[in-house]
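Quick setup: one chain, the form predicted alone, written in structure tokens, and binding and motion questions come after.
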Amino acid sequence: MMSNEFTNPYDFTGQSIVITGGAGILCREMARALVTCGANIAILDYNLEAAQQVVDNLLSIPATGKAIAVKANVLENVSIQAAVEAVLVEFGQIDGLINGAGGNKSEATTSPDKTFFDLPQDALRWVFDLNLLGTIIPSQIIGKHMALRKEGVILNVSSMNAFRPLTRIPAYSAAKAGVSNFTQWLAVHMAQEYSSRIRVNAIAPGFFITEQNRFLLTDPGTGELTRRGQSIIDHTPMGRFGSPEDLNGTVLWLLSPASAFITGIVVPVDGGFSAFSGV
């Protein structure tokens, strides 16, 4: 007979999960899935009002988990430390971290009117810092808490751009490649130096329409797909963009005991994009 650990792997009752960038489209759906499974969720976001709106929505659905909103800047150690202290006061411990903060910026994107050579350094740095340092810094602070407890799960959000860099977005592609590499490095480091019960993995979403990429994929006037958006659909065997809930199965699996012997991997959730050669 199989133990309850494997027959009910997605019962997160009593588990506390921190989600950075938690007010974003994809992260708010992850939060909803986790709260529904009983988890206590801390929505960390630079925009506290948006984070509180997510929490209000979470508290309105039938669920056993709790949720709180905490203002935090993932690029500032002091800010993340203060957020962690607030979470510990509320929940007592942190069992999981989803590094969801990230995004692209139009100023760091090439276009017919703006070549690679014209991209401003401050825009490139903004994208690189948010995606890579915005993953490393929370992992340092919350990872230290996990190291003291000898257990925990960190789930990073990489991108399909880390597998195949896309045209027009050099900073975002490079930063997400860094997130994938850092995921592997941290997985080894935590397991060897602190505890094999601390796991670090990542998901690599394919193409989901978010506020950061909407301007690239759809025409703001008509709502129709741009040439780039149509090209993505043509190269995605499933023939559609992802929906936020498409990430839930992989997220719950990687945070749960069902993946207890899995660390250091980056899982594509992409409708087959990474498997398709185009022919």
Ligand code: NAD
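So that there is no doubt, residue numbering starts at 1 and follows the sequence shown. Fair warning: this is a prediction, and the values are worked out from it, not measured in the lab.
The form predicted in complex with the ligand is left out here; the points below concern that form.
K.L.:
Residues 46, 74 and 172 are flagged as a possible site; in the predicted complex, is every one of them within 4.5 Å of the ligand by some non-hydrogen atom?
P.N.:
Yes, all three are in contact.
K.L.:
Is residue 176 one of the residues lying within 4.5 Å of the ligand in the predicted complex, judged by heavy atom distances?
P.N.:
Yes.
K.L.:
Quick check on residue 206: any heavy atom within 4.5 Å of the ligand in the predicted complex?
P.N.:
Residue 206 belongs to the contact set for the ligand.
K.L.:
Indicate whether residue 213 is a 4.5 Å heavy atom neighbour of the ligand in the predicted complex.
P.N.:
Close contact exists here: in the predicted complex, residue 213 approaches the ligand to within 4.5 Å, heavy atoms only.
K.L.:
Would you classify residue 103 as touching the ligand in the predicted complex, given a 4.5 Å non-hydrogen atom cut-off?
P.N.:
Result yes; residue 103 sits at the interface with the ligand in the predicted complex.
K.L.:
Heavy atoms within 4.5 Å of the ligand in the predicted complex: which stretch in 129-137, 110-118, 88-96, 142-150 meets that?
P.N.:
The contacting stretch here is 129-137.
K.L.:
With the ligand left out of view, choose which of 26, 34, 254, 67 has a non-hydrogen atom within 4.5 angstroms of it in the predicted complex.
P.N.:
For this set of options, the contacting one is 26.
K.L.:
Under the 4.5 Å heavy atom criterion, name the residues of 148-171 that approach the ligand in the predicted complex, in sequence order.
P.N.:
Result: 157, 158, 159.
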